[in-house]
Structures are given as C-alpha cells and as structure tokens.
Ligand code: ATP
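Just the one chain here, laid out as structure tokens, in the form predicted on its own.
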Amino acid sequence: MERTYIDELKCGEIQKIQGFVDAKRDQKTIQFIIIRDTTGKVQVTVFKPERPEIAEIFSNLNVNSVVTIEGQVVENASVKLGGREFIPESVKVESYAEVSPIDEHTAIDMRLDYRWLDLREGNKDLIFKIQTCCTNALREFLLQRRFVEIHTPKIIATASESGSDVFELKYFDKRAYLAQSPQFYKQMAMCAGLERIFECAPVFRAEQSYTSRHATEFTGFDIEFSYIDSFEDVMKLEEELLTYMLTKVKEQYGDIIAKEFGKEVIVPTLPFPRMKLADVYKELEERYDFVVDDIEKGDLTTEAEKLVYKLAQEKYNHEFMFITDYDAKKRAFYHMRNAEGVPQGYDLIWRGVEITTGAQREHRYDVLKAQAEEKGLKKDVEFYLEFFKYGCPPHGGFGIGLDRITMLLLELPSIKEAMFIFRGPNRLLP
C-alpha cells in the first residue's frame, strides 16, 4: 500500500500514514497519539479493549519515535485536530526514540546542538517551506526576464574583494580561500557576454560578528546584468524582484504566516523610496535627535539602519528604503563613481536591517585599475582586471542574503532560526 500524506487523508478508506509520534496521552481504556508528517498532524485513537496489541506498542513508545500505521479516518466533531481521527488496524515501529534532551523552552545555543530535534518542534519546518517559496519566486521572476543561472567556484586563488574577512585553506601545495561573494565571477560573466545572470549559492565571511543577523556561512542570491544606463536600473530591478517575491509568498503562505507567526506579509508599493545618505542623517537628527560623528557619516551605522525603518514608515509609509551617495572610502573599488567621485550604488534597508548592497560597476579597464590601486589592491586582483581588457558592457548588480530575508519576513529573533544549519565564529557542529 502506498503512503498517504496526512493532508491528503480521506474518510472511510484504508490508508497508510508514516511519521513521528508528536504527542501521546494514555488513559485507562483509550489512547490518543498525535502523528506528524511534513504536511500536518492527525490524531490516532486506540481503543485498548479492541486493540490491546496496538495499545501495548504505543505504551512503550517515546515521543519522536517513527511509525507506519494502517487504518482508516473517521469523522469526529469532538476532535480538535480537524474534526477527524485515524483508527489504526496495524502499527509498525520504524525507529524507537530516546527522550529528547531539548524542548521549546531550551536556550537557542543548546537547541542548535540538537538542530535535527529542534526542527521537529512547532512550525519550524514551515520556515523552510516559506524560504523555498521565496527562492522559487526570485528564480521565476528572473527566468521570465532572460536571466541565466550560473554556478561560480567557491574555492578561489585570491580574496574576493579584499584581503580581510576570508577563510584561508590549503589547496594541495597552494594557498586558497573560500569566496566572500561571487562578485568577480558575476562580472566575468558580463565580460563573457552572458548579459543577465544570477546565482543562489553559499557565501563565506570570516567575520568575528556575534549579532542576531550575521553568520560566517550563508546563502546568497546574486544578480548581475548588462547594458544599464545607471544604478537606477539596478534599483528598479531589485524593487520589482522583491515585490514579486513578497506577492508570491503572500498568495501561498500569507494566511499561514498570520496564524503561525502572527505576522502580516506586506507587499510593498512601487517605487521604493530613495534618499541620499547625507539627507538621511539630516532627517534622523531633525526627527529623532540622532547624531553621529562626522567621521561616521560616510556610511550608515547599525543604529541608523534601525531608525531608517522608522523614517521610511513615517515619511513614506513604506517598509523599504534605498540609501545612495556613500563615501567612496566605504565602497568597493569596482563601484562606478560619477564626475564628483560619488559611488553609483546603494544599500537597501528593510525593517531596520541592510539586506543588499548594489551598484553600477566600473567596466572601463583603466578606471577600474586605478580604483583598485587606490584601495591598495594590485597583485590580488590582476586576474580580475584581465576580464576588462577585451571589452565589457556597462553593467550592475546586487546580492541578497536569503537567510536574512527569511528572518526579517517572519520577524524571527535571530538568523540562527532562519537557517537550516547555522555557522558562526563559535559553531562548527552539527
């Protein structure tokens, strides 16, 4: 007999279900066992006098044991779990479970030690179903617009963007690094004439960061495309992309997110508001008495990011905000600059957290070479500069942290909850 998923059960038919024992209640003459699979839960009701052999099996099982049960579903209005119950005719124990060392009250770091058990609790599997919807929507949007998916190497000969924050490893008799981003290879694709590409892949950052939004390995969704007129084209594509993604999530999971997480999926209006960095600091000071030293005003501080969310809501009735006109000292050497030396790029802030750095790239070899040398990067980027010697179209792009997007969408307390397996400065297991 083929397995039937719990959400596909029909009354009156003999069916087979498989899953974990989620909970059980053993009374004198009756047992109530909750079985959970990836689609939901169902109550299994055992009448002990009628099925003593089945009752004995369940009496000896701990929660989290895995079972295969054959039987039929009957309607029962008194059952809170969907008004139906599963009456078993046979039970096979696939795996006996020991008592779990964690529960929903266990601290996050210990729960991460037992991540495979932690993910069985509550609605945590729903997080990854929603994340799958996000990823699929991003891909769908781009594929409809002639983008091609590529896969760039993660073991590289030189640091991706600078000499810091990279993991070094031994590569046979050479030194190699784990990629901070696919940036150089995204641009190589532009030089190769692929024109429109994206990648969904791991990214590695050797940062000693212990915040709720940082990880040393995460999943990045990167986009690069050619023949743009300015970085406005890049911002336009990103705002349309994110709006498409949130629309799809709301359609498929909006009601479930409201029920399980108590959060509304807000689909933003277009276009997203845009402000120059200097104007942001001016508004933050005028509205909220927020002041930073002049030396910090070339970039957006963490506290300023949080206030930008409040500013975006009050000034524009919006959750997103593009911030432009950063100090060139704070931007990567490959960002194009205008005649005044202002980088032609942006950060995108959502719910008080930066989710994207994007820009028009410098595609002119001589200018790019000079900007690399200005940053003290010469030998390390020689292979990259070679791409631009043989012609390259104007292009730009951005990257989105998929785990951070998930965290913000569901308003989870930490990125640790949004990742299948978290990696941080102090965590290499499981």
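Computed from a prediction, not measured in an experiment: that's the story for all the values here. Numbers follow the displayed sequence, beginning with 1.
In what follows, reference is made to the form predicted in complex with ligand ATP, a form of this protein that is not presented.
Although the partner is absent here, residue 134 lies well away from ligand ATP in the predicted bound form, with no heavy atom inside 4.5 Å. Heavy atoms of residue 357 reach within 4.5 Å of ligand ATP in the predicted bound form, making it an interface residue.
Ligand ATP in the predicted bound form comes within 4.5 Å of a heavy atom belonging to residue 213.
In the predicted bound form, none of the heavy atoms of residue 409 sits within 4.5 Å of a heavy atom of ligand ATP. Residue-level contacts in the predicted bound form: of 327, 207, 232, 260, one residue has a heavy atom within 4.5 Å of ligand ATP, and it is 207.
Only one listed stretch (46 to 54, 398 to 406, 64 to 72, 385 to 393) carries heavy atoms within 4.5 Å of ligand ATP in the predicted bound form, and that stretch is 398 to 406. Contacts of stretch 278 to 299 with ligand ATP in the predicted bound form, defined by any heavy atom lying within 4.5 Å, are made by none of its residues.
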